[in-house]
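Shown below, as structure tokens, is a lone chain in the form predicted alone; questions about how it binds or moves come after it.
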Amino acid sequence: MKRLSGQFWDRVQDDLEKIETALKNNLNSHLDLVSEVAGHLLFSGGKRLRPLLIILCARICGYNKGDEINLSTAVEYLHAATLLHDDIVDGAALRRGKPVANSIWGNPITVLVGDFLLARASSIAAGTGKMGIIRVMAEIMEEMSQGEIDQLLRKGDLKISENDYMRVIEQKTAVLFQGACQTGAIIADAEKKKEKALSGFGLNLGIAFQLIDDLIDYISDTKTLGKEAGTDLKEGKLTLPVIHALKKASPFDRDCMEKIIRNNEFSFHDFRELIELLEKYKGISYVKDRAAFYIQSAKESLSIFAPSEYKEILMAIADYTLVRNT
């Protein structure tokens, strides 16, 4: 992990600092409360991976005029908006180790600040004057909303298939990575084959990112997660480690797993028992293998680009995504 971090985080510090400045400057609200609520989440320690992808994808296409920095804030505002809304829908208590915004300011204010961030993201996209970027941002919002609704409808569904799950994570997570990479190419006026390649890179990276994110809920502690371990399960979200293990389990073990899953007040001991069953039926190793497949696909998408500093960093980000906190 330390080696992989050194491969790219140190090399993008200047851009990360510019992203932080732009995020603060672009909030642009005449109400201090909006900036306060938005800032509670925005400046709580996110890695800025999504805005960084816009910048790197513009640079790998030869663009370095500065507009990519401003554009990068749009995806982070969009991402933050969805998290503010999700925490209300899910009844979450913690986000990035801090109390969720709605537990401090209430649901109405938090929803409206999320709406403001979506509007700011749209305004920034429109400010580029490029219809391709406006279209991609609109499609991201549509897909993410549908993914969240699909996930909500499947809450607690023990019959959810792997295909159902993959469709949800593609919509609710991967499309934002895909859109970030694609808009980086569009702002650079890159040729279509490069835009398509970076779009594919982002989609596969985003799928792998969410696979690992869902896996972390079963292999990390509360301090590492920034939220309570087992939260996904308590919220009725069946992710791939569980879906795969349920499919492979013996009738007796499946019954044990289902009893734990149905009880959203399950104990620490119950959760440990479930993890043991996930390991027994290779739910955890299966997810790691699937994530590795998508990372390899992401890296292959970059094959049309000549060797460069930015290609190296994107490849390192792919490797980092696969091993973070695992």
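In this text the structure is predicted, and so the values were computed from the model without any measurement. The first residue of the shown sequence is 1; numbering continues from there.
What comes next is about the form predicted in complex with a further copy of the same chain, which is not displayed.
- Shown here without its partner, the chain carries 214, 292 and 302, none of which come within 4.5 Å of a further copy of the same chain in the predicted bound form through any heavy atom.
- For the options 94, 166, 256, 111, the one in contact with a further copy of the same chain in the predicted bound form, meaning a heavy atom within 4.5 Å, is 111.
- With the partner omitted here, the residue from 120, 244, 79, 172 that has a non-hydrogen atom within 4.5 angstroms of a further copy of the same chain in the predicted bound form is 120.
- Using a 4.5 angstroms threshold between heavy atoms, residue 267 stays clear of a further copy of the same chain in the predicted bound form.
- Contact annotation for residue 142: at least one heavy atom lies within 4.5 Å of a further copy of the same chain in the predicted bound form.
- Within this chain, residue 85 lines the site of a further copy of the same chain in the predicted bound form, having a heavy atom no more than 4.5 Å away.
- In the predicted bound form, a further copy of the same chain sits within 4.5 Å of a heavy atom belonging to residue 129.
- Residues within 4.5 angstroms of a further copy of the same chain in the predicted bound form, judged by any non-hydrogen atom, belong to 143-151 and to none of the other stretches in 67-75, 143-151, 192-200, 94-102.
- Looking at 13-38, the residues that come within 4.5 Å of a further copy of the same chain in the predicted bound form, counting any heavy atom, are 28, 29, 30, 31, 33, 34.
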